[in-house]
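Quick heads-up: it's one chain on its own, the form predicted alone, in structure tokens.
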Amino acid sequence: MDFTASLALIAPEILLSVAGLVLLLAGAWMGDGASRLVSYAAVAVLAVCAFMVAPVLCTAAMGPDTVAFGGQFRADAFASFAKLLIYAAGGAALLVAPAFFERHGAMRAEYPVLVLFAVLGMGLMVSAGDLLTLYIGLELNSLSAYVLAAFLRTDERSAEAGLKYFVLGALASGILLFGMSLTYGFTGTTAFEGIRTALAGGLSTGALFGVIFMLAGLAFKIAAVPFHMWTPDVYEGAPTPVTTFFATAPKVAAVGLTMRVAMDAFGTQASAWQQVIIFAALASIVVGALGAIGQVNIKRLLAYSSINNVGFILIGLATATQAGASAMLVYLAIYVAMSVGGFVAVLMLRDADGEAVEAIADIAGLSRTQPLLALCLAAVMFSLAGIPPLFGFWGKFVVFQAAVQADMIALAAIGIAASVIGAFYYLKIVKIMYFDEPADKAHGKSDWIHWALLAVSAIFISPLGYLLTRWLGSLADKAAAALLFAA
């Protein structure tokens, strides 16, 4: 494939790069007063990028025509599925940010620019066909994320979150790089296709260590146990719009990248990494469920919920089958909607002075002071718990179904049993909102953008979401997951 064709395949990434630079200059020239305008322009850029990648997914594009720069970049249907979720999550994080930061006098034009560059890095991650592309995308995303976590400079918690994320992220990057160097040393190539071919004849001890170290580095990015320790502190300390972003877009990118690495590069040696993934899945489900029970801050509770949900997603990866990969993508789509809805609802919990209400005890009796907000938040909690007929049940169902089809009945049974633990703290939130005496704290007003995002999320996770199951399953299975097993 010639250079011009390769450039055409990376058109969304070029647009993000150019738009990020242009908006950075616009913010410098017009000042922070133009921050809201820059944010809306960034949302428009993400919308254009979504229109650019959607046809690739709809046509189930795969094969040599989707490979750019000698195999380093893949603009295929799998990448497009992940990118659409990333763009949607990034757009939501941009839309809810101005109102939040303006109340703190901290809205600056750098925020939407950092989000665009983080999204650019995530696009490279899910399209990576080479270890070098993988690392460039990962670091571009991470460097933007470190700044975003510490964006609220007047808040000590935000500065602490940024520092913790940076230190632990640097450690994870070192582990990942060490695994990449071992993999390269024992396979003689950095290309996923070359690694797959080299490992087809067997896995040496050195290459096995490379696989383990790479998966450990990626486990940090998806916040899987035992590399989850940063998640509650960063989610609580970072500004809530940033937490909304962290809980959705980077999670999709990291899970997509992990699927690429495990099922593509290391696909011929699935037995070597399945045990690691099974342990991480079960540990994440249990630790996420138990860790959330004693939380008094709703953002920390949602952080442990994120860890818990990663465990369910990893059950699909542990099957090492196309059905498992498809189930992971379906779960991710539903999880993004649930997380956006949950954190937008948290953003709308404010007192009369506009200050955030994050203590779980302070939302007591919310159903009597803000019944519509309480109803939407309750729907999110029921959906996260996987209680039918809400759409969150379908995500868990397809993952457990894939596990049963792969004869991993014990894994599915343990996952189902552990999900009951998680239901406890979700239902506790509903009980506090509907049955406790009103705390009369969360009664601040919200703008129409927050209500619109919350309404879209609530409708998607409602029983109406089941109307999309056939369409979503087809895109996830026949278009996106199929190409991981096409070799």
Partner chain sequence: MDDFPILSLMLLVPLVAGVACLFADARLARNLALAATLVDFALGILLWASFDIGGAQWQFVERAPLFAGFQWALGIDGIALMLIMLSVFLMPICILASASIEKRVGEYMAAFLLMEVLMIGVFAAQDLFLFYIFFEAGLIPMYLIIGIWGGQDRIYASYKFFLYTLLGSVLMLIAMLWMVNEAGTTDIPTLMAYDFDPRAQTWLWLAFFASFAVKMPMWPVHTWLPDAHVQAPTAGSVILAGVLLKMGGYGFIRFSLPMFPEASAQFAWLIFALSMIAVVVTSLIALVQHDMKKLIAYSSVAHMAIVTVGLFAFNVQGLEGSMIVMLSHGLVSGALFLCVGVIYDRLHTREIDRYGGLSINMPYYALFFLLFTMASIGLPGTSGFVGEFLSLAGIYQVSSWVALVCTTGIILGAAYMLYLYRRVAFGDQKNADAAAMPDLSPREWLMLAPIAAAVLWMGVYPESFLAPMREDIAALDARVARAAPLGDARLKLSEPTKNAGHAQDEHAAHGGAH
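Positions refer to the first chain, counted from 1. It should be emphasised that the depicted structure is a prediction, and the values quoted were computed from it without experimental measurement.
Although not depicted, the form predicted in complex with its partner chain is the subject of the following passage.
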Which of Pro226, Gly354, Gly188, Pro388 has a heavy atom within 4.5 Å of its partner chain in the predicted complex? Pro388
Looking at Val167, Leu132, Ile416, Val296, which is the one with a non-hydrogen atom within 4.5 Å of its partner chain in the predicted complex? Ile416
Tell me, yes or no, whether Ser367 is in contact with its partner chain in the predicted complex, where a contact means a heavy atom of each within 4.5 Å. yes
Would you classify Tyr40 as touching its partner chain in the predicted complex, given a 4.5 Å non-hydrogen atom cut-off? no
In the predicted complex, is there a heavy atom of its partner chain that lies within 4.5 Å of any heavy atom of Leu171, even though the partner is absent here? no
In the predicted complex, does Trp451 come within 4.5 Å of its partner chain, counting heavy atoms only? no
For the three residues Leu177, Met180 and Thr183, verify that every one has a non-hydrogen atom within 4.5 Å of its partner chain in the predicted complex; reply yes or no. no
Only one of 62-70, 25-33, 41-49, 417-425 gets a heavy atom within 4.5 Å of its partner chain in the predicted complex; which is it? 417-425
Would you mind checking 458-476 for residues with a heavy atom within 4.5 Å of its partner chain in the predicted complex? Tyr466, Leu467, Thr469, Arg470
